[in-house]
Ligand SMILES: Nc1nc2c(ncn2[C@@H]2O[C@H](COP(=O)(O)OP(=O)(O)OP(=O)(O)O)[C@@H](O)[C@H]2O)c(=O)[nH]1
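Only one chain comes next, encoded as structure tokens, the form predicted alone.
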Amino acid sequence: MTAPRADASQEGCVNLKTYHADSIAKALSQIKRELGPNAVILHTRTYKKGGLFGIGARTRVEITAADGAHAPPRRRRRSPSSLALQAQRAYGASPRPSTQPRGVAVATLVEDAAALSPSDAAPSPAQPQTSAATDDSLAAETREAPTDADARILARSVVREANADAARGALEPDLVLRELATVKRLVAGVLRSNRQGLSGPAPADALVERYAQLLEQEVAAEIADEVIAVVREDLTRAELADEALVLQQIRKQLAAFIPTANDSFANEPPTDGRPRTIALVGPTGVGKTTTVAKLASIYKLKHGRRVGLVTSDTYRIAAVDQLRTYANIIGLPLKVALTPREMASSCASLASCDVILIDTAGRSPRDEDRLRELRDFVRAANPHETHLVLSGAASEQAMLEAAQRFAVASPDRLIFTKLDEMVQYGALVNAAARIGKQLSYITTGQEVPDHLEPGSGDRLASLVLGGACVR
């Protein structure tokens, strides 16, 4: 494990040092030892180091600090970005400059971090320090007033470390909770520091707590920032003190990031006179066949529609038999298509149905030949709706890559499956927002015809915020 490294710079009487470490706890511990408990944090960031083409790279923490006696004064930013202004409005920080000393005292932060990571905070043998003159750009950067972005960087780092340690079993559950609770203290400490010498109330605790919760659930930083910024701007000071109202507004803003289809199980027939034709595409193992069976059961048993099934999944062992079993139980016709031409003729043979549901073979997102073959099957069926099925149990990166690769099939809807296997739901919000397709359904288990719901942004937002059960 890499030891913390400090780069020192002397400018007049100002003692600035930049620390690089593998964790916040290590960096803060060294700051306290070298600069004292009254040292202040001036700048923070995280970055990747090592690895090959980004693979296997380690996340490092960089914190620039100064001793409290010589903290440089706050200076006005010449052109604050719109995101910085949003963050300032979100947390109640004023963009007006102040001549008060600024920065975050590290004493409390170090104590919190040390309590959470005793091994990290323990004194280590003296490390050789590399001294170098700080260039003009770094000197200018470290003189900038700490922004709410600094708090977010610290908070995200704590959340990432807690989640990683929990996944490895390196932390007991109570320690995980304590580490995540530190997020609130880190954020609130920066926000209070930013308000020194300014009028107005401190930011509402409810906003800080919910922001930390969004990060804990792995909601993308830009989404969490915007949600909190809008809520902070829309609500009055009195309303921000109402935790229930804050939660309601955060849920509403979070749900707005999720496009949803409002025509699930639509009763109106298509205008072209054909049966409503619905195709499901997606990677292997995401639950397409089970989802087709659920949709078929609901259409027939709950909505009284005449349903026909078509499958082209002849690659997976017993895939046709699985769907045939469902079809026999429900009492539905089933057609098997081995080629795109057979797909077209199978759909034509079911013209007397109200709804045709098509189960396609799962494809690896990296198998371009099979994806082109899938595209030909879908084109032959000419569906009114093509739903991309993604497993919520997959990583966000895997979902986004699948969405990119399966674009050849021209999906216009999105289905998230296996929500019952998830622990954190932020990836669903991130994926839905970035893919940009309407969420049509979610599945929360394997039982047919149960455990399938129409897509709802409010439902996913409630899962993220802990106000709903998967089932």
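For every residue, the number given is its place in the sequence shown, counted from 1. None of these values were measured; they are calculated from a predicted model.
The same protein also exists as the form predicted together with the ligand; that form is not shown, yet it is the one meant from here on.
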item	value
Residue stretch of 375-383, 279-287, 301-309, 227-235 approaching the ligand in the predicted bound form, non-hydrogen atom distance within 4.5 Å	279-287
In the predicted bound form, the one of S410, Q424, Q404, Q446 near the ligand [non-hydrogen atom within 4.5 angstroms]	Q446
Candidate from D242, E396, D313, D354 lying within 4.5 Å of the ligand in the predicted bound form - any heavy atom	D313
Partner proximity in the predicted bound form: K294 to the ligand, non-hydrogen atom cutoff 4.5 Å	yes
Partner proximity in the predicted bound form: G362 to the ligand, non-hydrogen atom cutoff 4.5 Å	yes
Contact flag, K418 vs the ligand in the predicted bound form, heavy atom cut 4.5 Å	yes
is_contact(Q322, the ligand) in the predicted bound form, heavy atom dist at most 4.5 Å	yes
